[in-house]
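Just the one chain here, laid out as C-alpha cells, in the form predicted alone.
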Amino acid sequence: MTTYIIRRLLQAIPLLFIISFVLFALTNSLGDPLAVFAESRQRPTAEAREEMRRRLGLDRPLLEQYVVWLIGNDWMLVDVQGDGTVMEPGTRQGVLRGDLGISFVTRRPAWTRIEERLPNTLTLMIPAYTITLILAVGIGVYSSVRQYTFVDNLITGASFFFYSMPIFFIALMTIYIFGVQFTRWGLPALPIGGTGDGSIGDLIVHMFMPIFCLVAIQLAAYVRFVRSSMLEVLGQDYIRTAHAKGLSEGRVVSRHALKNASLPLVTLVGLDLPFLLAGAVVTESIFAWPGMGRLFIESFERADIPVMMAILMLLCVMVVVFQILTDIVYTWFDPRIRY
C-alpha cells in the first residue's frame, strides 16, 4: 500500500505542473488585470500603468511569467496613491515556496483572501453535502427495493424534476416562497441573503435557503445513482443465494447489497468532495453568501489572476489527494482489491 501511495504521488507531480501551466495560460488570457485601476476615481497615468505592468511582470512572455509564478523573483508590490505613483518594494517567493501571490485588486496576499472566505464556504457546503448523502442513501435504497411501486415512481419523477431545473430557478423560487409568500401567509419570512449578525441561531436561519437549494440539486442526482447501483447488485446471483438461505430482507440489503453497491458511490463522493472547497458560485451569488464561489466570480470579473490561480490550484491538489484516499477506501469496501 505504501509503495502504491508513493507511486501515485510521484505520478501526480508532473500532472500538477501540466494543469497549472494550462490554467495559468487561460487565466492570463481573460483580460487586463490593470483595468481595475482604470475604473477608480484616481486613475493612474499611462506612464504609471506601464510601470505597474513592468513591475508586475505582465510585459514578459507567458512562459517567463509562469516560471516567476512558480519559483519567484524580485519585483515590486504595487499600491496606487492618488497621484498614480508606484511604491513599496518587495520579493515574490513563488508558489513552490508557499507564496501564492498578491491580489491585483486588494494588494493583499491571495491566500489571505482564501482564508477569509473558506470558513463561510465550509459552513454552508459541509452540512448540505452531509444531508445530501444521508438522504440519498436512504431514499435510493428504499426506491430500489420497492421498484416500480407508486413511491418509487414518485421519487423518480421528483428526481428528474429537480435534476432538470437550473439552480438559479430553484434559488429564486425558494426566495419567492420562503421570503415573500410566507409573509403573505402570516408566517415568519426567512432572510434572503447574507450570514446574519454573527450568532449561531441567526446563522442557521440564513443557511436554510442556500442549503435547501444545494440539497435539492445534488440529492436528485445522487438518488438516481444509488438506486441504479442497488438495482444492479440486487440482481446478482449471490443476493438470490442469500435470500434462499433464509436471511432477512434487511440483512441482505444492508450487509450484502449496500456494501457492494457503495463502491461506485465512493468514487462519486471522492470526485465531489474537493469541490466543496470551491463553494457554489450561483447559490452564493444569489444569496449574497461570502464564500469561495463568490470570491472566484469577483476575481474573474476583475481578472485578479493571483487569487484565481490560488483557488484553482487548491482544487487541483485536493482532487489528487482525495482520489488517492478514495482508492484506499476501496480496500475497505472490497477486500479483493489489493494495490
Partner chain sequence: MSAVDTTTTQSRSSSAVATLQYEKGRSNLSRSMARLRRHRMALVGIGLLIFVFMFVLVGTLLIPESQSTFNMPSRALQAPSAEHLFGTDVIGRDLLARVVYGGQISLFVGVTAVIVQMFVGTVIGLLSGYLGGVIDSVLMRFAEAMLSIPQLFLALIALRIFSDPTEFPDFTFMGRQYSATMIVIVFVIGLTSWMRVSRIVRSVVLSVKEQEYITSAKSIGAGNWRIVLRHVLPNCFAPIMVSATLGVGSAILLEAYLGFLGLGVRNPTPTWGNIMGDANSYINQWYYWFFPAVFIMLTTLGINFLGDGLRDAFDPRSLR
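No experiment lies behind these values; they were computed from the predicted model shown. Positions refer to the first chain, counted from 1.
We do not show the form predicted together with the partner chain, though everything after this point is about it.
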_Heavy atom within 4.5 Å of the partner chain in the model of the complex - residue from Tyr176, Tyr238, Phe208, Trp185_ = Tyr176
*Looking at Leu172, Ile134, Ile204, Val151, which has any heavy atom no more than 4.5 Å from the partner chain in the model of the complex?*
Leu172
*Are all three of Leu219, Val252 and Tyr330 close to the partner chain in the model of the complex, meaning a heavy atom of each within 4.5 Å?*
no
*If you check in the model of the complex, is Tyr163 within 4.5 Å of the partner chain, heavy atoms only?*
yes
*asked:* How about Thr156 - does it come within 4.5 Å of the partner chain in the model of the complex, if we only consider non-hydrogen atoms?
replied: yes
_I'd like to check something about Trp69: if you look in the model of the complex, is any of its heavy atoms closer than or equal to 4.5 Å to a heavy atom of the partner chain?_
no
*So in the model of the complex, does Ser29 come within 4.5 Å of the partner chain, heavy atom to heavy atom?*
yes
*Counting only heavy atoms and a 4.5 Å cutoff, which of 96 to 104, 164 to 172, 126 to 134, 111 to 119 contacts the partner chain in the model of the complex?*
164 to 172
*Would you mind checking 266 to 302 for residues with a heavy atom within 4.5 Å of the partner chain in the model of the complex?*
Phe275, Ala278, Val281, Val282, Ser285, Ile286, Phe296, Ile297, Phe300, Glu301
